[in-house]
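Presented as structure tokens, the chain that follows is alone, the form predicted on its own.
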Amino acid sequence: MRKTKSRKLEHLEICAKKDVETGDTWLSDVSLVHNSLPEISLHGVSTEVRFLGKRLKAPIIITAMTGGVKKAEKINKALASVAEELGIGFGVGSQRAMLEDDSVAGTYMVRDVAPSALVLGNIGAAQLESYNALEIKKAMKAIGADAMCVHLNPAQEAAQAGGDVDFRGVIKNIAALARAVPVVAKEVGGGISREAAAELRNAGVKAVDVGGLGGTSWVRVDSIRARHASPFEEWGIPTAASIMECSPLLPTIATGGIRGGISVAKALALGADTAGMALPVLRWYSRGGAKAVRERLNQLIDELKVAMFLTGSATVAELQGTSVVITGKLREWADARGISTSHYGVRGIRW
């Protein structure tokens, strides 16, 4: 347990202060087609969505970050309170520490400040071998979470000295958990392929969080901890490609290098249902507390609304059907993988 706490504190410190982002999301290869005749009012643009049974005022989730140490309790409550105020989602960090020692359960408790928000629990895929579905369900219910994220992090585990690198039986264990609670399968920097998404769908998973290449690299985080670089710091499927791989199969959270309202709009136009971020939120909080997080997220939501207005999209559903041009490496990836781009067509225009 002491080792888990130490690692969590180191992760927070490294993410707050070090360069932990690697790769390219390929979202720069996505262009939204400007509509100079939007025929809607900016003031009438609605960012509301329903996701995992909850209404969100904007398709944004503050994704899994921390828990299990005293410092995490203050961070989680502050960020969850902002999520409640803005009507967005919030995810806690891995509850492994809580399963090892229930005295730290309070560091994950946010329902007192976020009574109606979408709250996501979290457990590592490797830990499903050590804890059964009923134990994990109990941990999820203890914090009042709406669903349980199972983070898939083989590259991170391989980068850790003594990491959990035995992933045999993971899909079987996920299927068992999915029979007990709603499960979101979540990558942490490597992205999710359509083959993996298909297996996850067949296992009963409700949604995926792509966690693509181009944002925080947890391989790099653990390389910094170990004080040596890893050749796998830029390993993975870029975020934009992973959205295209997964979104036809399962409801999709776009994470991995999402840094502003325009990147959220591009992710949604590619097929994502919501978008999430953790690293920017942690850094906003470390520099200016909950006030800074609130201000920056409001700015991001305003940027999303303007992007929707400029594509003539009054709703998120309309944005998901808007005209998109895909070029560069992302187009090459789609062609090589046999992913059709024909449905990214022109909406609502008669020639």
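Numbers follow the displayed sequence, beginning with 1. Just so it is clear, the model here is predicted, and its values are computed rather than measured.
There is another form of the same protein, the form predicted together with a small molecule; it is not shown, and what comes next is about it.
Interface membership of residue 339, defined by any non-hydrogen atom within 4.5 Å of the small molecule in the predicted bound form, is ruled out.
By the criterion of a heavy atom within 4.5 Å, residue 106 is excluded from the residues contacting the small molecule in the predicted bound form. Mapping the unseen interface onto this chain, residue 220 falls outside it, with no heavy atom inside 4.5 Å of the small molecule in the predicted bound form.
Although the partner is absent here, residue 271 sits far enough away that none of its heavy atoms falls within 4.5 Å of the small molecule in the predicted bound form. Within 4.5 Å of the small molecule in the predicted bound form, a heavy atom is found for not a single one of 23, 191 and 246. Proximity to the small molecule in the predicted bound form, taken as a non-hydrogen atom within 4.5 angstroms, holds for one residue of 224, 110, 118, 277, which is 277. Out of the listed residues 76, 173, 263, 216, 216 is the one that sits within 4.5 Å of the small molecule in the predicted bound form by at least one heavy atom. The stretch from 93-101, 195-203, 135-143, 229-237 that comes within 4.5 Å of the small molecule in the predicted bound form, counting heavy atoms only, is 93-101.
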